[in-house]
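Here's a solo chain for you in structure tokens, the form predicted on its own.
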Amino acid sequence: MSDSEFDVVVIGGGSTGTAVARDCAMRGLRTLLLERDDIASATVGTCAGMISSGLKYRNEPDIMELCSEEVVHFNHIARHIMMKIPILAPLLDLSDAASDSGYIDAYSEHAEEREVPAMMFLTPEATLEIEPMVHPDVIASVYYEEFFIDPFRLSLLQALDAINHGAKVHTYCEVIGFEKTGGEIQGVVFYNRITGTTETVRTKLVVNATGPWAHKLARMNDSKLDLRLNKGTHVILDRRVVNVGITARALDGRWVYLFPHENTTLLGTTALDTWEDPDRLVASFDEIEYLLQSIEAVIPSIRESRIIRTMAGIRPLVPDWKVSEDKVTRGYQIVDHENGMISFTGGKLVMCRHMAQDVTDLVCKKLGVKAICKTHEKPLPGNEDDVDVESLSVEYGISLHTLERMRARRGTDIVKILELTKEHPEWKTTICTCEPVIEAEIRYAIREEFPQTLNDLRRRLRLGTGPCQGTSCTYKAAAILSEELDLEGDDFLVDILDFKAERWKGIRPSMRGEQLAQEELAQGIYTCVGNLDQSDVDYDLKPWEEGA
């Protein structure tokens, strides 16, 4: 079989697509993954990262059981990028306690296998001792724990493990058509945005894992796929403003949450049926206010925290209509179009490995391959052993904080990065102080994880995601990227502009308070001091854009 012939082509590089590619490759299938942008650059990158126990879905016992099983699997294969977060649900009146009592038994049924304590009620005194930010009129709270994961690292590690098992992964390759014989897919045609060429590969099957774009890809294949698109918006605060996660009833009775996440805090999420273009999605003023006013009831000081950006994504729900959003199943469906394409609808981050297992079972059945799934058994790269960051800090002379953040991304692969500093001790320099990220890790990521842009580095390293939103690290990181990839001058400047524009897309909707001052500073640095504006780069402006 040549480099242009495959058993299966997976389209979409999110958590599900990369999980499918990994499973297919581990079962010995000749696999190609195509992603039109970067790994985890779309829907999965806009979620909170919860590997949910399925608590919200107690009316679907099979979904709750599936979620609990997958939590156990993720703790086995990806514990180095997992975080356990304690959560409080403060109660301000007795009606809340009465209406939600059914959650306790449902959650606690599988708690032991997830290695978390059973759900419990806490007194007002205990609640305020754990989280002083809670409203002083709290009458009790419910305490429980959930696991979270870095969705960017999860998707990337699944892609890297697929490569380790022989798969090909091509980013910045957008599918533009299919070659068909007798109505059956025989090949996939895609445009390579890096080389500027159109390429075709032969394949026996295509797995459509493009999330909210899945119906469009199916249409390209002359197939019909129904989705119920649902928009979710998050507000991101500049630090960990609470000690633990907080969940609360929103203004309309839904549940919203405030979760410490990495070095920031996520406030989310909305759930609105939408017909918006997923490529042009931004948070609205109303969505931001809905979230702030909803959480303000239990965290009165929330508006004192600085909003550094927003993010919005679309859930590709199973197309159940004439019921409210919260009544739509959070399960998934596999749709066999019976012309060489298989698609997904529905699903959640916690289910991505299980979704991949189901569809790969179907792929193997269609291809006559007898191989069993082992993705729940084999650890992802970096999860081979525990890491003693204290010893590494002493050995390499790098701060514990820096190494712990690196360990949370790398696991055992941290040693490969630190070894680079023996020959280049100057690479211990901190490039992104918010996260923090040192130069050696940036160079390692460029060499081993196929990033093409600063935005790709952000997804791999959380570069520029902190309080300054890339104000201090962008130029330094761009210089390293340019050196490693041998970029031309204009490419260097365009990449900086693209990176800042992507940051701006999330910052602009929430501009208020101290964030206005932060953006004035960033503009002064990049436009005035750095002289970096559109006049620096030949964008081939249209006549009506001249002078913009």
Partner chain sequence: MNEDEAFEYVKGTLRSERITPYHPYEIEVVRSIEKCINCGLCINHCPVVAAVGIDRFSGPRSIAVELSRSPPEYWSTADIVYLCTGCGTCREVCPKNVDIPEVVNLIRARIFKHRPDLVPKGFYVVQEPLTEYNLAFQPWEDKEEKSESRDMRLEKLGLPYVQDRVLDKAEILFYPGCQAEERAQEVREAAKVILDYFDVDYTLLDEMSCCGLPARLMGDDQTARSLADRLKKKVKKMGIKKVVTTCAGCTSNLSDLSYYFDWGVPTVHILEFLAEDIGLQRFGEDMANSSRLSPVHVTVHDPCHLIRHTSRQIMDYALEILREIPNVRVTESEAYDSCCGGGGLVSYHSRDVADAVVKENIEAIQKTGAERLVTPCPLCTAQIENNLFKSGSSVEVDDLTVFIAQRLPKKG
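Keep in mind it's a predicted model, so treat the numbers as computed, not measured. Residue numbers count along the first chain shown, from 1.
Omitted here: the form predicted in complex with the partner chain. The next part is about that form.
Stretch-level contact analysis of 375-383, 450-458, 241-249, 221-229 against the partner chain in the model of the complex, using heavy atoms and a 4.5 Å limit, identifies 241-249. Using a 4.5 Å cutoff between non-hydrogen atoms, Q518 counts as a contact of the partner chain in the model of the complex.
When the partner chain is considered in the model of the complex, P86 lines it closely, a heavy atom lying within 4.5 Å. The closest heavy atom approach of Y191 to the partner chain in the model of the complex falls outside 4.5 Å. Although the partner is absent from this view, R443 stays clear of the partner chain in the model of the complex, with no non-hydrogen atom inside 4.5 angstroms. Residue T402 is the only one of T402, T270, S294, T171 with a heavy atom lying within 4.5 Å of the partner chain in the model of the complex. Contact with the partner chain in the model of the complex, judged by any heavy atom within 4.5 Å, is made by just one of E109, E184, E262, E289: E262. Contacts to the partner chain in the model of the complex (heavy atom within 4.5 Å) from stretch 299-320: S301, E304, S305, R306.
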